[in-house]
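One chain comes next, on its own, written out as structure tokens in the form predicted on its own.
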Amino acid sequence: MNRISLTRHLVEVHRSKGLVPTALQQLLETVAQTCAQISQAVGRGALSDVLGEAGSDNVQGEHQKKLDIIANDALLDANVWGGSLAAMASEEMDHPFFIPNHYPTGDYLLLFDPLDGSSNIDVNVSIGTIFSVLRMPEHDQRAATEKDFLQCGRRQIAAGYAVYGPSTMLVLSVGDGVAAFTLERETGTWWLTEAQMSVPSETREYAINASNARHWEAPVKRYVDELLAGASGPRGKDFNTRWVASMVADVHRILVRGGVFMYPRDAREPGKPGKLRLLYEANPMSFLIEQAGGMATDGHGAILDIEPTGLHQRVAVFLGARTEVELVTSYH
């Protein structure tokens, strides 16, 4: 079988579309290699003493797991010296990490959630890494600033995630559709296993944390109640609930077989527009979903059109099958 590696795929995309110059190819391959290393650490679990709490909190006040810090440090260490980046930003860090002066710098910015779904680590359920690549804005000063990261999602030039499940997969878009790669653990090679992922426009599955139902706003309650009513309700068909509590796993299922994922704002923290982070989770996942033919909104407009105002800004998320996202958005 003539399999296509990640490297070959990126080279061929650049030859045909001009979307992956050498520096970007190097960056994406470095991220992919680091995800393979994180996958190995995740796979060893308790054998490597990587489970449990780290004893610290991140900038959002959430308890960090040992693997959160391991994954974060791995991505920083792997990407600091390559020369493709001007700076990096992570969900686990208060401020951006700027490339030190003794290393060469490049024209790209890397953002990442090093380990999405941390609550699942200790119970051996699928988790993942989410990443996004932006181009440095042009300005007089070459040194990057925190403001450089505050770009709307439409300006992403690449985004993807790795999901650490029964097999480790990398799902990636450089603005030319969505491709999936599977890690051959014995050789550390990423092989192309799906050239064009596509979100079906119709679905019978939805993902939402139903334990928060009492806190939802009226449009979300209306939409979910209609789904729960099944074949005898206004939708005229039965729906299944799926919820992994790992955005990577839930979005991956949608890209493979369809569905709609929802993490709405609710009444618990009325001052916050949502739970998920715009730059590290919502933007890269929305980019992938749109590239696969789906739709992503915050209940009012496209997530990719939101102009960020802060590095750790939060947002409500509705993404997946276009017909479902359009409907729940119209209820808002």
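Just so we're clear, the structure is a prediction, and the values are computed from it rather than from any experiment. Residues carry their position along the shown sequence, with the first being 1.
There is another form of the same protein, the form predicted in complex with 6-O-phosphono-alpha-D-fructofuranose; it is not shown, and what comes next is about it.
- Within 4.5 Å of some heavy atom of 6-O-phosphono-alpha-D-fructofuranose in the predicted complex lies at least one heavy atom of residue 117.
- In the predicted complex, 6-O-phosphono-alpha-D-fructofuranose sits within 4.5 Å of a heavy atom of residue 276.
- Although the partner is absent here, residue 103 is not a contact residue: none of its heavy atoms lies within 4.5 angstroms of 6-O-phosphono-alpha-D-fructofuranose in the predicted complex.
- Mapping the unseen interface onto this chain, residue 245 counts among the residues with a heavy atom inside 4.5 Å of 6-O-phosphono-alpha-D-fructofuranose in the predicted complex.
- Though 6-O-phosphono-alpha-D-fructofuranose is absent from this view, in the predicted complex it lies within 4.5 Å of a heavy atom of just one residue from 241, 209, 145, 201, which is 209.
- For the candidate set 181, 261, 108, 131, a heavy atom within 4.5 Å of 6-O-phosphono-alpha-D-fructofuranose in the predicted complex is found for exactly one residue, namely 261.
- The chain is drawn here without 6-O-phosphono-alpha-D-fructofuranose; in the predicted complex, the stretch among 277-285, 291-299, 23-31, 66-74 whose residues come within 4.5 Å of it by any heavy atom is 277-285.
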